[in-house]
Each structure stands twice: as C-alpha cells, then as structure tokens.
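A lone chain, given as structure tokens: the form predicted alone.
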Amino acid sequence: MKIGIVGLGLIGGSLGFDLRQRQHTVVGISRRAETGDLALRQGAVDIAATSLEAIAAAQLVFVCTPIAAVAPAVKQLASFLPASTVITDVGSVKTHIVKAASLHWPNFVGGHPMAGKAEAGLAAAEAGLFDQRPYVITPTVATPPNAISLVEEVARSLGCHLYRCPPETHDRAVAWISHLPVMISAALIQACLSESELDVMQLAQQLASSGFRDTSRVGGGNPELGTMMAQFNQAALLQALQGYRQQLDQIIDQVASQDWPTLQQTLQQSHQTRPQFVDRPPAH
C-alpha cells in the first residue's frame, strides 16, 4: 500500500519505520527539505517531499502535525486526493480535530496512538514505538466503515492494542490520564521554583532523584503540545483540574488539621487503586 505521512517528527518518523518494515511504500512530507533528507537517510521514508501533492496517489494518509495544523492540512489534501483515500491523524485531542477535518474529508478517521518519548523530533523516532501500546480510533456515526477498518488494520499490524470510542469520550478520558498530569507536573516545577531561599533551592535541585524525575517528566515536555492540549481540550481539562483541586484541598485540610487517620485512608486508597490505571491488561 502507498501511505503518506504529513509531518516527520517523533510519531511520523516512527510510523514510517514500522510501515516500511511491513512492505508499505511511505511518502513523507515535511516543511523543511532537510528533514525529508534526514528521513531518507535514516530509512523512515521511501520518498521525501515538501509539497503535499507528492502523496496524491496514497491510499492512506497519516497527518502527524501539531493539533492546530491537522484540519488545515486535511483541507489542503482534499483539493487533490481521490475520494477513496482515507485520512487519519495522531492528535491527542479528538473532538475538535474530527469535527473540523470531517467537514473537509468524509473519509477521515480520528486516531490517537498513545506512544511517545521525552525527546521530540525525527531524531528521536524509532521502530517499534507503537508495539503493545494503545491506539484509540474515534469514528462518528458518519464515518465510513471501510475507512475505519483500514485504519484499524494498519494499527493492528503495528502491534497496537485497539480501542474504539466517540471523540468526546476519548477527550474526557485523556484529560484525566494525560492532559491533567502535564498541568500538575508543570505546576510542581513552578511550585519548586517559588522557594525563596537560594540555599534551599540549590539543595533541592541537588537532591532531586527518581521521585521528582518521575512526577515532573511530563511537565518538562514540549510546551507547544501542552498548550494545544489545553486550548483544544479546554472543557474536559478544566473539569479534571477542578476535580484535582478538590482532592488537593482535602489533603491540605487533613494535613493542616493533623487528621492523620484520614490522610492514611486517602493514601491507602491511592495505593490500592493505582494498579487499576497502570497494570490493567489491554482490552484487545
């Protein structure tokens, strides 16, 4: 199959590696020719170009741009792709993207492969990034079944665990387990920076180890991506932030009132329920 990838960053490049390994012909589109040249040298694509028209003959197109650029890219693609081509994306927000992109292309299927790394860009791309990772497909009632089947077939070939849900359900779920942690993690870093005593700050920086590294990692990630998560999933993220603030206020009250038994109950419940989020077997 001839597959186009628009955007050769971490996700687009990693897709290219895996799709080429599965004997697909991959055409990669990047804004800068240098990126395409690197993708060719690394073996992420068969053909590299800076013009979208280079993927005019593709049967499937992955749009791997930032969230704000997905719908504009689909609008451009719609001017020359054959009607049979299926377009999908990899964005972490689905309601906005699916609604906007579907207006330009009926054969659009919202998708979100939930895999990533701390590093960004094509240089960080790697084969096997999606293996054993969740891949969420978010069709609507108007999405053609054959388009859904094609995207799911390719995702399954990458070794992904498939999930299917409405775009709105996806956005509420990822607000809790992906977008909220980014904001909490960023707030943790900002709170530490508010320490007024220089010697305390310096000692904290020297002592910071795995606990701080784990809880601060996503807050130290791509600022553009974090901002777009908030911008395009605002309602669900605000609901999650407000829920978190309520829980944090309760813990503050427990500590301030020295209510150690209740605090222990809170921590015990967290200890018991965390595996439900991080150790669950895949659904598919």
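All residue numbers are counted from 1 along the displayed sequence. Since the model is a prediction, treat every value here as computed from it, not as a measurement.
One more form of this protein exists, namely the form predicted together with a small molecule; it is left out here, but the text below deals with it.
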Q.
I have Ile11, Ser92 and Gly116 flagged as a candidate spot, so tell me whether each of them has a non-hydrogen atom within 4.5 Å of the small molecule in the predicted bound form.
A. yes
**Q.** Selected contact from Leu150, Ala120, Leu188, Cys165, since only one has a non-hydrogen atom within 4.5 angstroms of the small molecule in the predicted bound form
**A.** Ala120
Q.
So in the predicted bound form, is the small molecule close enough to Ala69 to count as touching (4.5 Å, heavy atoms)?
A. yes
Q. With the cut-off set at 4.5 Å between non-hydrogen atoms, does Asn222 touch the small molecule in the predicted bound form?
A. yes
**Q.** Close approach of Cys64 to the small molecule in the predicted bound form, 4.5 Å, heavy atom
**A.** yes
(Q) With a cut-off of 4.5 Å between heavy atoms, is His96 one of the residues that contacts the small molecule in the predicted bound form? (A) no
Q: Please determine, with the chain shown alone, which of 120 to 128, 188 to 196, 100 to 108, 154 to 162 has non-hydrogen atoms within 4.5 Å of the small molecule in the predicted bound form.
A: 120 to 128
